[in-house]
Ligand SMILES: Cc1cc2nc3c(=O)[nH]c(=O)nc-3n(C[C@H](O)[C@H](O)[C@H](O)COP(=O)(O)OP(=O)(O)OC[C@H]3O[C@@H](n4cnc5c(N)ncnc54)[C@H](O)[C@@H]3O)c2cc1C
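Just the one chain here, laid out as structure tokens, in the form predicted on its own.
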Amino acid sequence: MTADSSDPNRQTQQVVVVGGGLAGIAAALAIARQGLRVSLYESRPRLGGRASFVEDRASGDLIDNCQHVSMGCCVNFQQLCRWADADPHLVEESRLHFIARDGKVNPLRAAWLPAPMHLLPSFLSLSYLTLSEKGRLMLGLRKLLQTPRMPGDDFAEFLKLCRQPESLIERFWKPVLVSALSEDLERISYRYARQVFCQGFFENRQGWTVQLLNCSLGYFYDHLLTSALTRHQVEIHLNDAVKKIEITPPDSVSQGSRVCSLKLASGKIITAADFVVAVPPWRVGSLFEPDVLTNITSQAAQFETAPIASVHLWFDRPITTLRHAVLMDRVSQWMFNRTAILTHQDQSTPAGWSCYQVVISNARELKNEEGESAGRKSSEQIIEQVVRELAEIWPEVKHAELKHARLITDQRAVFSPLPMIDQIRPHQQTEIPNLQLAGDWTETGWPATMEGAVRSGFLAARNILRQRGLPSEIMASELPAGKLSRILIARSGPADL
């Protein structure tokens, strides 16, 4: 970092990244790996952004605000993990467990059949679907694979056209898609619903496999990703909020506007050749003057968000040997056995305590027994309901002592993948040559996921590297579609995934 000799508060770097979430980290690391000097500015005391963690004083744990899940098709997130030497911490689950209302465990695992047939035996074995529902499901899945686009991009309309019964929607389509997209089925894009099944489940035999970090997000960010950034000489500035981004007006020499500097809350002025702004959509407008980048700030203002709730429970004994489970016909949606998953010893859980996390996506749909919204229901009531539901499945809960519990709700956990959402998702390259956007909400071809965030950072970095004539092939290769998948899964053009 070199300082401008005329102003002690003015500092100059080659590339500045604003925002220390996964998108900003991915951009910073991809650029720095090509030898450019990068400075990353984060307003919070830690890296992580929305995929973050908090300190729980009662247990001594750094607990993830939500259990974050990767899949085999999340190739760019895996690449980021390899760059950070974190891939040994990414553990693949060989099967998923769907637990019916009566407690029966239905394993989802790949059969010997080629893609896209490898998961059909598991789907056809689900105990909580009737024979008629399974028949309608096969018809719906076949139509989904054969229909690349829907008028209006409306998935709910697709379900109606395929005559999917309400019971099947509640016990199959909703558990899968609400977990993946965290929105009500009436409010999701057909494109991204189809992507979950095609790219996630059917194109490649490995695409569906769930991958979980065996360490906390605290260790992932504070140690693994921070170490990778430091190795590549990225300067990390925490508790250093950006107040405003200054843009020069166009003139006859440059023939266009450029970002000239950014002003920190501390008063420092930072100049650079290139800038990456990796912040959530609701923060974009505050960083620029009202008459600058009006198209992008207008698009950002149109994004809606969805909440995710996590109930963290510490019992005095194990309640199940399962590492995870999808819970059917309950408020609780996913159970993660954190004690079994976190085999890397970076926690301080008291001896004998067993930790579980129950995740509820699209948490605005939480209802109490009287039908009132979760906003009128106390944290204690929600925790009691979740514990009661776990006890209906695992009797050991009735004999265990609940040592500690905590509810965390992120009201803006993800952007809502509404129909036609792609019309307002901006590209990483803005109209200003030296300004890139990053963040899962930008145009990545993915919904709000860790993979989408990393892709956005890589795409922004690729633009900068290409402009400088540096090696820019940083995007990971997609999992190849199987031979039969290429025949059975229709594509209508390069815009489809």
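Residue numbers here begin at 1 and follow the sequence given. What you see is a predicted model; the values in this text were computed from it and never measured.
What follows is about the form predicted in complex with the ligand, which we do not show.
Screening A413, A363, A405, L137 for any heavy atom within 4.5 Å of the ligand in the predicted bound form leaves a single hit, A413. Checking T430, S59, Q67, N463 for any heavy atom within 4.5 Å of the ligand in the predicted bound form turns up a single hit: Q67.
Looking at the ligand in the predicted bound form, residues P175, N204 and L479 place no heavy atom within 4.5 Å of it. Using a 4.5 Å cutoff between non-hydrogen atoms, V279 counts as a contact of the ligand in the predicted bound form. The ligand in the predicted bound form comes within 4.5 Å of no heavy atom belonging to R37. In the predicted bound form, no heavy atom of T444 sits within 4.5 Å of the ligand. At least one heavy atom of A448 is located within 4.5 Å of the ligand in the predicted bound form. Partner proximity in the predicted bound form, defined as non-hydrogen atoms within 4.5 angstroms of the ligand, places exactly one of 164-172, 238-246, 392-400, 118-126 at the interface: 238-246.
Of all the residues from 285-299, the single one having a non-hydrogen atom no more than 4.5 Å from the ligand in the predicted bound form is L287.
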